[in-house]
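Shown here is one chain on its own, the form predicted alone, set out as structure tokens.
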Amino acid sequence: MPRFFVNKQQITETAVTIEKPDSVHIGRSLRMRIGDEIIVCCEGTEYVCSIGSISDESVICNIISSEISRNEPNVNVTLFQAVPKGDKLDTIVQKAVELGVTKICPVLTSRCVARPDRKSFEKKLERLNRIALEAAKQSGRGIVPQVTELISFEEAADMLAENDFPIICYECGGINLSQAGLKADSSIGIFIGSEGGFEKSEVELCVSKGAVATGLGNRILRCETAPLAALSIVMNLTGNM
């Protein structure tokens, strides 16, 4: 069943209004008709709806039933990802959303080869959040994870520390993720480096703020592989795989 996302302002007790560009997609691309059923999601709640009217401007849907999304993990995971070269971040965002991440924060670290400033990075944000939206639809998410603006390493270290379980994946090793004591119904922060990994001083700063340094096995993973491996392990350890 097709899945769409709306905000609270588009929902009443009995109906949901879907606006452009989704309204155009429903009528012209999907060729849906009055009476067809779709799923509409808003902040983790799924609404099963029947289409009541269709136009390019809006699609009005009658709510049949609603429930909290069963597809959302029982942990709130923020991925702090050092900015990689090229379009690797596109892939990381897409796959991280499929695996259940809640938020993705691109970070500029000492060893980042790509060094965009915040203004130039803003131009990429629309595309990255569009990728997150499409991945959320495809994977049946109940929310659309946000890709935030570019932040500094110092900002990331402070934000990482705010999680119940702050983790920095260090290429020089650390404890196993299975030893981190991860629990359901908690917030987990995962910090992944760029192609060059982390400076030792960066890891030490995060650890001084309460983070735990972990390894991902004996092999060195590429910067686009490491976050997906870490997320998969975290989701498995917390019963979400």
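Note that residue numbering begins at 1 and tracks the sequence as displayed. Remember, it's a predicted structure, so these values are computed and weren't measured experimentally.
In what follows, reference is made to the form predicted in complex with another copy of the chain, a form of this protein that is not presented.
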Of 111, 103, 124, 95, which residue is found within 4.5 angstroms of another copy of the chain in the predicted bound form when only non-hydrogen atoms are counted? 95
Contact assignment for another copy of the chain in the predicted bound form, among 203, 216, 40, 182, heavy atom within 4.5 Å: 216
Three residues, 99, 220 and 233; all within 4.5 Å of another copy of the chain in the predicted bound form via heavy atoms? yes
Partner absent here, but in the predicted bound form, which of 22-30, 205-213, 49-57, 174-182 has residues with a heavy atom within 4.5 Å of another copy of the chain? 174-182
Residue 225: touches another copy of the chain in the predicted bound form, heavy atom cutoff 4.5 angstroms: yes
Is residue 229 near another copy of the chain? Define near as a heavy atom within 4.5 Å, in the predicted bound form. yes
Report whether the minimum heavy atom distance between residue 73 and another copy of the chain in the predicted bound form is within 4.5 Å. yes
Is residue 237 a contact residue for another copy of the chain in the predicted bound form, using a 4.5 Å heavy atom cut-off? yes
Partner contacts in the predicted bound form for 128-148 (non-hydrogen atom within 4.5 angstroms of another copy of the chain): 138, 139, 141
